[in-house]
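First comes one chain, alone, set out as structure tokens in the form predicted on its own.
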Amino acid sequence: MYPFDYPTQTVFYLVLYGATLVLHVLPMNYVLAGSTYLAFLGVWEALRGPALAQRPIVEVLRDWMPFALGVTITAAVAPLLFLQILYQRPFYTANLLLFHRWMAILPVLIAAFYLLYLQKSKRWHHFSAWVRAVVSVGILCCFAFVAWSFTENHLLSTRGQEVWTEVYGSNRWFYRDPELMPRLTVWYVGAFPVLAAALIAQFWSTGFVRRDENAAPDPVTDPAIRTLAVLALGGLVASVFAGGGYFVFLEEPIRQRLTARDVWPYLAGATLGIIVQAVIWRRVWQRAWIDGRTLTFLCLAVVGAVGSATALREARRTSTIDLNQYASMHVTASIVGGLGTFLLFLFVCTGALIAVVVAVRRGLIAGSQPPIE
């Protein structure tokens, strides 16, 4: 089964790369889909007035988006480093510095960071609805540009040295690849079920969502929870159609690779994850509540689907790049050292992030309780 048919050192780096990539993809989906949601609501408010039923979702997103972006950027470092080891010639971290267009990612992300804090500030509601809409759409454009750029870069890394040389030497601003939009669409629509699951988990942890079917309906929370269900179900349906369209669009050798026997477990995992999510979200839409056990299954289904999609993504790359030719380099890298340092900082940084989330959660819960007289 892929990737365990490669040499041991190659498998080691592939597994680490896949695991760290999933840790990046999850918050990245939160940021991409969250900025889309805020931009849509911003334009809606400017045209038709406030959407009161969506306010709980909007407030949580505005509070958490800067943190989510920080986690996304931080979590992107490890998979980029493992890519540098796995695909030393086809892909290396410095290739982002070889072309002025991809260098633009850095100032764009910095601008997005500041705009997210502006969106979170107390002055935000003093701006006119149209100014807020323009800022929200601007944030979305920043993240859309970054997503577009990394998709371009990924596709370029699979095309061969003669193509890279021509692109870098031509000084072009864009690399045009017919696979770009179908691929980008799959990842974009797939971000919304992840966002919905993360938001309902946030609501559940702070007691915002009803956890008991016998509890009285809530006119504030119930519409927001049903909105998340619609958002997730729409994203799941769109993911199925986008994935099918992307598969048909691919060249025959790549389609054969993605349907080979060794990747069947990942196809099954992605399919099962989508089905489980759809069943749970339909139930949430009908009842506007979720218990802890169901939420756990939902989160596992999301992680399973994202992990399976990530494995298929890498299998698609290996359909055009033979990893075995870099096996000796992987052996050399494995004996250089540094694994202990990597694991130490992985656990320390992960623990720090968890501590921050727990502290903020406690503050939110304490803030939602009435004062003691």
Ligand code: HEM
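Residues carry their position along the shown sequence, with the first being 1. The model shown is predicted, which means the values in this text are computed figures rather than measured ones.
The form predicted in complex with the ligand is left out here; the points below concern that form.
Heavy atoms within 4.5 Å of the ligand in the model of the complex map, among the stretches 327-335, 39-47, 65-73, 344-352, onto 65-73 alone.
Scanning 301, 83, 133, 236 against the ligand in the model of the complex with a 4.5 Å heavy atom cut-off leaves one residue, 83. Proximity to the ligand in the model of the complex, defined as a heavy atom within 4.5 Å, holds among 202, 151, 119, 227 only for 151. In the model of the complex, the ligand lies within 4.5 Å of some heavy atom of residue 183. The shortest heavy atom separation between residue 79 and the ligand in the model of the complex is within 4.5 Å.
Contact check for residue 17: a non-hydrogen atom falls within 4.5 Å of the ligand in the model of the complex. Residue contact with the ligand in the model of the complex: residue 278 places no heavy atom within 4.5 Å of it.
When contacts are defined as a non-hydrogen atom within 4.5 Å, all of 21, 24 and 317 contact the ligand in the model of the complex. Along 20-40, a non-hydrogen atom within 4.5 Å of the ligand in the model of the complex is carried by 21, 24, 28, 31, 32, in order along the sequence.
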